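Two separate entries follow, structure 1 and structure 2, each one form of the same protein chain as structure tokens.
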Structure 1
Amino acid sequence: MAKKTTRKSQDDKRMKERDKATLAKIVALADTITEAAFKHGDISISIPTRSRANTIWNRKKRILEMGDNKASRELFNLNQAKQFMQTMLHSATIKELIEADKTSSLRSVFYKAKHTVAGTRENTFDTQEESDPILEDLEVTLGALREELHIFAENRGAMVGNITLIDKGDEIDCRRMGSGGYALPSIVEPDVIEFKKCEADFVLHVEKGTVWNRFNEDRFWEKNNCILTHGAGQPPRGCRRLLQRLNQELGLPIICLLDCDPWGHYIYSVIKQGSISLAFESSRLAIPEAKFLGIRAKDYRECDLSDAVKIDLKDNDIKRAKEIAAYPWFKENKAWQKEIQHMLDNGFKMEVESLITKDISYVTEVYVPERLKKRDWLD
């Protein structure tokens, strides 16, 4: 008990230091603008560019990193004026959050900053989709992590398996999470989540909740001594960070079971190398060792699937597949080039669920175990 208190106060102290630094950065940002206004200078904020062009493929580390390009967001530019205002609004919101020592979800930050612009009927923000990127911009601009901005995303994704963790002091036994699993929080840094005990040999990460349910129901993790996660589609930062920690801290291989389509390939790419928009966080998120178990283009034949599983590739899919094939990390990878080409040759996509057409538990009892045994995956 006593021990815990000291740690907590230490944490607090560390937290306070970090908050102070973040606050100072926000004030500095506002000061720059004030100064420019009085000196008739350019009213702008310099924001590191989160774009493809400013993303560097670090071949050695095998992750995506953000380059040094910055773009200035100007008030007196028709295309940027509104975003400029939004950036300032969110800066103020974050400052308030830090001062009140509260954290807030992306959604509630959006709602907090959303109001009608004085004298008009225009909203400061219309949708959360408008708001979230502005917060990401602030992360890179201020050089602060999301949690340092006191913002978190909604819990998304789930986990079960042979592992016990401590989440904010509460012990979580992931073997006993019932049918829903342990909901993955958005912030999973060591000061929030500690790994207490882990017997698992690997992590099986599946694309979506429905597939995950199948595996959980079939007690796959128990039978195969693993941890079972999903990220509800494109895995959120919390999920990716946790996978990375499981990989790096506990040395568990991360095996992904995703759809055989450009989207599935892309999710794998993000898990493995990081994403363009969050390239600045790759070192905390990317898992270069992650493996792609399936679904594979060859499975239609190999597993003798019925025609019902075929979903036609649309023009857009083909375009996307070619783009992905051209990513540097895929480009140098013969196996992947073959895989994508195979899918294109097939002319159709397949979802993990397609394996169910064979037998309800085919995927958990036959497909995955066999592939694991044969180490038949893409890297």
Structure 2
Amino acid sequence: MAKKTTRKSQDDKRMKERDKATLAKIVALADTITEAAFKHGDISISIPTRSRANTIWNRKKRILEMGDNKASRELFNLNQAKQFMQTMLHSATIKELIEADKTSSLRSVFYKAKHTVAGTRENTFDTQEESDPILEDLEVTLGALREELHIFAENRGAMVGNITLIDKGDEIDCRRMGSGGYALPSIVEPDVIEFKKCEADFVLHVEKGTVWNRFNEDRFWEKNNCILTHGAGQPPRGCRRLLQRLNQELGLPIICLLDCDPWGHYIYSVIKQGSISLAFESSRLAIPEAKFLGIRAKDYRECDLSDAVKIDLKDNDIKRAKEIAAYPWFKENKAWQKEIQHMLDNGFKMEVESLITKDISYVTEVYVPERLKKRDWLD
């Protein structure tokens, strides 16, 4: 009991130190703006540019990183004044959250800052799509992660398998999570999620909850001694961060089962190398060792699938596939160049669910076990 109390005290201390540092950064930002105002100078904020042009492919680390380019957000610029105001509003909310030692969702932060500017018909924010990028701007400007800003996103994704976690003091046995699994939280840092006992040999990450349900119902994780996760399509930060922690801290291989289409290839790219919009977080999200198990372009013939599984590639699919093939990490990989070209030559894409045309449990009992045994995957 004393050990648990000591651990909790250490976690609390780290959190308080982290909060103190984040608060100091926000105050420093405000001080810079105030000083410029008193000197009658240009009032602006310098924000790192989150764009493809400012994204660097680090070949040695095999991850995407943000470059050094920055943009100035000015108060007395009609094209930038609204975003400047939005940035200040969110900064004030973050300061309030830290001082109150409370957290808030992305949606709630949006609503807290949303109101009509006095004397006008102009809203500070119209949609959450305006709000979320401003918060990401603050992350890179302050050099602070979202959880350090006391903001969380909606839970998305699930996990089941041979691992026991401690979630804010509660012990979670992922072997006993029923049909729904353990819902992946938005914040999964060590001071929130602690790995207690893990017997799994690897993690199988599938694209969608529908596919995950089949694997869970068939108890694939039990028969193959693994952890089974999904991210409800494009995996959110919480899911990607947890996968990275499982890989780096526990040494578990991350094996991905995704659709054979440009979207599935992109999801794999994001899991493996990071994304352009979140390049500033690649060091804590990307998993360079992640593998792509399938579904593959060759599976139409190798698995003797019927024509019913074919989904014709549209012009946008073809365009996206060529863009992905041009990514440096795919462009230099012969196996991936062959895979993408094979899909284009087929002229159609396929979903993991297409394997059900063979048998309801073909994907769990035949396809994945055989691929794992042969180590037949793309890297």
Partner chain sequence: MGIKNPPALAEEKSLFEGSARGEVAVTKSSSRPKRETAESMATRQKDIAVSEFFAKNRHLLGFDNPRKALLTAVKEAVDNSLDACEEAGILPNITVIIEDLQPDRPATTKHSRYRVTVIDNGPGIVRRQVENVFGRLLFGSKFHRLKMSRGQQGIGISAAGMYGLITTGRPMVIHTRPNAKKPAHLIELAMNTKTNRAEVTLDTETEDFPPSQYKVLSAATRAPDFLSPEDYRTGTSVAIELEGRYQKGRGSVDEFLELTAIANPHAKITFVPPSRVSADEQEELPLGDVARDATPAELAENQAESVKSGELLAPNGVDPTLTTIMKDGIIIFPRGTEELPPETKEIQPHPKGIELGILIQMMRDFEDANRGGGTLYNFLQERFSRISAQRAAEFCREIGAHTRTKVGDLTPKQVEQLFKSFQTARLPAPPTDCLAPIGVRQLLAGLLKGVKAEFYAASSRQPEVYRGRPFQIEAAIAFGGELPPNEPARVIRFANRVPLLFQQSACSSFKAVIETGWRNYNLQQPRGSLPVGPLVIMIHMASVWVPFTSESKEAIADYDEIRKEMKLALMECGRKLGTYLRKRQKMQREAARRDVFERYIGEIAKAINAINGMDADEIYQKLLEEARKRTAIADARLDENGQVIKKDEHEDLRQDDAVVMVESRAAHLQLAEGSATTSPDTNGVSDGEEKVSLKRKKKAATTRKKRSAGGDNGLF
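Along the sequence of structure 1, residues get numbers from 1 upward. Between two forms, the rigid core is the largest collection of C-alphas that superpose within 1.5 Å. What you are looking at is a predicted structure, and each value in this text was computed from that prediction instead of being measured.
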Eyeball the pair and call it: which is the form predicted alone? 2
Relative to the superposed rigid core, does the CA atom of Asn77 travel 2 Å or more between the two structures? yes
